[in-house]
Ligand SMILES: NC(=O)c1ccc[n+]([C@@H]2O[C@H](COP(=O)([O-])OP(=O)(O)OC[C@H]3O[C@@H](n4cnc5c(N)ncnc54)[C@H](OP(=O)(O)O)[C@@H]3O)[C@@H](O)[C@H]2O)c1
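Quick heads-up: it's one chain on its own, the form predicted on its own, in structure tokens.
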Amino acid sequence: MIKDKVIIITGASSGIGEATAKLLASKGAKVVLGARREAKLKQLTDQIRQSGGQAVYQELDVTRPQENESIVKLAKEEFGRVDVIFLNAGLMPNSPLSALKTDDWHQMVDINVKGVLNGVAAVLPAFLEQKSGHVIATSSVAGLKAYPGGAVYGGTKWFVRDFMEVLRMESAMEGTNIRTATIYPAAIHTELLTTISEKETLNQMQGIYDRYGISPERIANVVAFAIDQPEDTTINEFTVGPANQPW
């Protein structure tokens, strides 16, 4: 059941996060939206409300633990509880290691790894107390196989894969009823490519996305499907991409 579930979405201002927020709200979920661009969050929240949905938002930098705690607090204050967190914030400034774009490396670790850690740390006390909850995270097909140019990005996404699997196993062992779902998208039209500053890598990736890319609504459908499963059922991995892309 999606209706009336309270769902926090990070990276909610565009792409997969935005598409998921709209879809879940249309199915009766109460969505709590976080991202760094407040103007876009406000616009999205207004759209959802005008369509009859329930939504609140808060500016969120996932690299800051206290801001993650704050959005969990907002969800509880507005809607009384938290049922799901969708850890979707991420960026992909790919480049060859020889380009030594070390600032990009550290930024990916901060957002793609620490952002997930901070989100889980913020929501886990509530999930443990109520003995229920659902953690959903966006990894990547780069979290399943290695790609030249994606050493650090892929590493952060492999981390998400391992972390989420251990979270699922420990929750089962501890009887806390916390479900997990890790999503591995291939070429999906989002703003990911805008973070690539290395020209050759950008041109290569742009060509792939121009040829194969599909809508972020396709991932939103998967998130909704995962949430809609009975509480005793976890579908913990989804690899999703264009039917014509040989990822």
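Remember, it's a predicted structure, so these values are computed and weren't measured experimentally. Don't overthink the numbering: it's just position in the shown sequence, from 1.
Keep in mind that the form predicted in complex with this ligand is not shown, yet the notes after this line are about it.
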- Message: Since only the chain is shown here, I'm wondering whether residue 32 would be in contact with this ligand in the predicted complex (any heavy atom pair within 4.5 Å).
- Response: no
- Message: So, residue 27 and this ligand: in the predicted complex, are they within 4.5 Å at any heavy atom pair?
- Response: no
- Message: Under a 4.5 Å heavy atom criterion, is residue 181 part of the interface with this ligand in the predicted complex?
- Response: no
- Message: Whether residue 201 contacts this ligand in the predicted complex should be assessed with a 4.5 Å heavy atom distance threshold; does it?
- Response: no
- Message: Please tell me which of 196, 187, 220, 56 lies within 4.5 Å of this ligand in the predicted complex, judged by heavy atoms.
- Response: 187
- Is this ligand close enough to 5, 7 and 118 in the predicted complex that each of the three has a heavy atom within 4.5 Å of it? no
- Query: Which among 94-102, 163-171, 76-84, 139-147 is in contact with this ligand in the predicted complex, heavy atoms within 4.5 angstroms?
  - Reply: 139-147
- Note on the structure: Restricting to 31-66, the residues within 4.5 Å of this ligand in the predicted complex through any heavy atom are 35, 36, 37, 60, 61, 62, 63
